[in-house]
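Just the one chain here, laid out as structure tokens, in the form predicted alone.
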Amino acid sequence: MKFSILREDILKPLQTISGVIERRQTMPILSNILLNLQGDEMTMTATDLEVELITRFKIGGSPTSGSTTVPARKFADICRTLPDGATLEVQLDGDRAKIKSGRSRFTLSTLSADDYPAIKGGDKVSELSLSEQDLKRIINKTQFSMAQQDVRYYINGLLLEVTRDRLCAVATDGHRMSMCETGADANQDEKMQFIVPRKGILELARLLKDTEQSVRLRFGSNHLRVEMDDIQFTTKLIDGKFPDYERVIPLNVSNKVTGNTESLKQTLIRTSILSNEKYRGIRIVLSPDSLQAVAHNPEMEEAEETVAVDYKGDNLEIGFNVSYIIDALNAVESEDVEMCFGDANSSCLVLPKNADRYKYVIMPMRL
């Protein structure tokens, strides 16, 4: 294998796949990336056995086909630290990869490409297409509610529910739930659910851009494969049954508060400064046309602030983890937001004004 390429042309795909590589690996070869050159097309592959990322790009000049694996971080650091406009000449020499650029010379150890593990896509169960920005949007509006290392392993990820013309994303950590849906072309009658693990979702969110370019999702029995322009992303799925999220959405929400999204958020942010640093609890006190946020902490410090809202219900006092409400308000795009309450023991439903494509449910807490 032999090729020559501009630093900028190889650095971008290197940075794209480098997020998959873990610093500590159980297998030495997982610290490497696979380079496979066929004709004038180079593919780079990185995997940690849970997530696999493949990027493709063209090689100019007269390259020689071949394949090998090189240490990912060392190779990326070499490319990153070379000056702008530098040309790299890479040649495989036995079990070494020799890199030349100007007066710089590097020799990297390699491992056989035949030993590099690949994630098999498996049988196709469902397939759909949607725009890249729509997929990015539903992930960004829900992923912050995913659990982290919960014993209920099936909530350590994001539920993707596929129907004929809709893709719905749902995340929960047991204390709150985020839900967002978008139109999609799935061409299937049966509703199907797939749970994508946390790392896969975070890596996919990093790759997606705000473009109208079409993205194809292929769900297998154990894997999800996402195909973008020059990138193929594959992740294992979590084998488990996600909680019935529709049962969590409160129906009896007679106390409805409408207010300015930014004003409510800033009120909660200021009040949260003096909340308990561990539990982050605040009290929300509702009275006609008024919402008061009150916080205490073990040092006997106190914060309270009142914001004007549209509220016509009875007086109500209820406790929440303030971080959960702020996260939800950060995801709301509309100028005004609705916060719906039942009673002092009921969950809060957060909705953008005049829209139902995404919603947030936050459980109360005792203070």
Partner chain sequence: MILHADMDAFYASVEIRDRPELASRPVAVGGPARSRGVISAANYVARRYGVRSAMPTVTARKLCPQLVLLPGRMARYVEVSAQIRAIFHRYTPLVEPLSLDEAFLDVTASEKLFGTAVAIGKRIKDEIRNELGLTVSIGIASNKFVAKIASDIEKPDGFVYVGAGQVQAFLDPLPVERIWGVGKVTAGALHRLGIKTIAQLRRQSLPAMQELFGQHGAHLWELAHGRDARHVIPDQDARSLSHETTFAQDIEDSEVLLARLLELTEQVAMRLRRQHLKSRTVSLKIRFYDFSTLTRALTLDVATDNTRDLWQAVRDVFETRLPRPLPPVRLIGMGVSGFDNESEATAQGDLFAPPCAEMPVPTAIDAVTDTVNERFGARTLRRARILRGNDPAGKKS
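Small disclaimer: the values here were computed from a predicted structure and weren't measured. Numbering follows the first chain given and starts at 1.
Although it is not shown, the form predicted together with the partner chain is what the next lines describe.
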(message) To verify the annotation, which of these, D289, D123, D93, D150, has a non-hydrogen atom within 4.5 Å of the partner chain in the predicted complex?
(response) D150
(request) Answer with one of R206, R103, K278, K241: the residue that has a non-hydrogen atom within 4.5 Å of the partner chain in the predicted complex. (result) K278
(request) Indicate whether S31 is a 4.5 Å heavy atom neighbour of the partner chain in the predicted complex. (result) no
(message) Contact with the partner chain in the predicted complex for A97, defined as at least one heavy atom pair within 4.5 Å: yes or no?
(response) no
(request) May I ask you to check whether K141 falls inside a 4.5 Å heavy atom distance of the partner chain in the predicted complex? (result) no
(message) If we define contact as a non-hydrogen atom of the residue within 4.5 angstroms of the partner, is T26 a contact of the partner chain in the predicted complex?
(response) yes
(request) With the partner chain left out here, work out from 60 to 68, 335 to 343, 35 to 43, 317 to 325 which stretch has heavy atoms within 4.5 Å of it in the predicted complex. (result) 317 to 325
(message) With the partner chain taken in the predicted complex, which residues across 353 to 367 come within 4.5 angstroms through any non-hydrogen atom?
(response) V361, M363, P364, M365, R366
